[in-house]
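Single chain ahead, written as structure tokens, the form predicted alone.
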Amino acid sequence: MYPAAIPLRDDLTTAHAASWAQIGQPGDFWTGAERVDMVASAREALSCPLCATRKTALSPFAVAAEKQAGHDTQSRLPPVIIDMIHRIRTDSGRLTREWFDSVIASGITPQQYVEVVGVVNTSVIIDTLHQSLGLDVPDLPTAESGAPRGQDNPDAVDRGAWVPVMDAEEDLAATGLPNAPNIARAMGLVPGSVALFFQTFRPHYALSDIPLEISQAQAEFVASRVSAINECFY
């Protein structure tokens, strides 16, 4: 997945390769082919004229219906999922509860929603690392046959979020942040999505004992700066 000449740690390259292969496998609520199509749709969003128009509008919901000719896509996914992926990839900071409710009203389950979020965000980690290194994004994963597993978290609870979340104590670690990361809690309805995301993400960042040549303080500075540039309110 990465040229041997680029000095990346083995744990990172191994994790990314494993995650890329797993995206092509059946998930809990989507087939392998559908999950691969999610990655393709996320990439298409970056050059989608409709997404560009929405991004520059005062509100993405202010774009007149007659101007919404549809997303520029070759995807076979349901239109509501294509729109969801494009919004997540290009303008996630302006998603609303009303929009989410409309997605669920269309027949998409909260479990399906969480898995889409997990696959798209995992692919973004891998694609953006390639781009930052001056590499072409990797070829799409190979889709494997098989039915979705259908495994969710029966112990997920309603805490007033958009979807049921992981039932975890809200105690704080020595870092001052929750012992159970909020990202894990938010995707906790589908444990497979949590595992996929954190397998990909962990080699990049940790709250303590970070496995990098820079210090923890320097890592926090970089993380904060990148989050600010990306307008990440999390």
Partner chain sequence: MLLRASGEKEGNDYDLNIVTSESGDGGVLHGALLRELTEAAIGGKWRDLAEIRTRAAGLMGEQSAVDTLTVASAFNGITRVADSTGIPLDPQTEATTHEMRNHTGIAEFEYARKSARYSR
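Superpose the two forms; the largest set of C-alphas matching within 1.5 Å is the rigid core. Residue numbers count along the first chain shown, from 1. As the structure is a computational prediction, the values presented were derived from the model and not from experiment.
The protein also exists as the form predicted together with its partner chain; that form is not presented, and the subsequent description refers to it.
- Taking the partner from elsewhere, Ile82 is found to have every heavy atom lying beyond 4.5 Å of its partner chain in the model of the complex.
- Its partner chain is not drawn, but in the model of the complex it has a heavy atom within 4.5 Å of Pro181.
- A residue is said to contact a partner when one of its heavy atoms sits within 4.5 Å of a partner heavy atom; Ala223 meets this definition for its partner chain in the model of the complex.
- Remark: Asn121 counts among the residues lining its partner chain in the model of the complex, judged by a heavy atom distance of 4.5 Å or less.
- Checked against its partner chain in the model of the complex, the candidates Val39, Cys48, Met187, Leu196 yield a single residue with a heavy atom inside 4.5 Å, and that residue is Met187.
- Comment: its partner chain is not present in this chain, but in the model of the complex one of Gly146, Pro78, Gly93, Gly107 has a heavy atom within 4.5 Å of it, namely Gly93.
- Site residues Pro3, Gln25 and Gln151 are none of them in contact with its partner chain in the model of the complex, judged by any heavy atom within 4.5 Å.
- For the partner-free chain shown, Leu58, Ser59, Pro60, Phe61 of 42-61 come within 4.5 angstroms of its partner chain in the model of the complex, judged by any non-hydrogen atom.
- For Ala21, the Cα coordinates differ by under 2 angstroms between this form and the one not shown after the core has been superposed.
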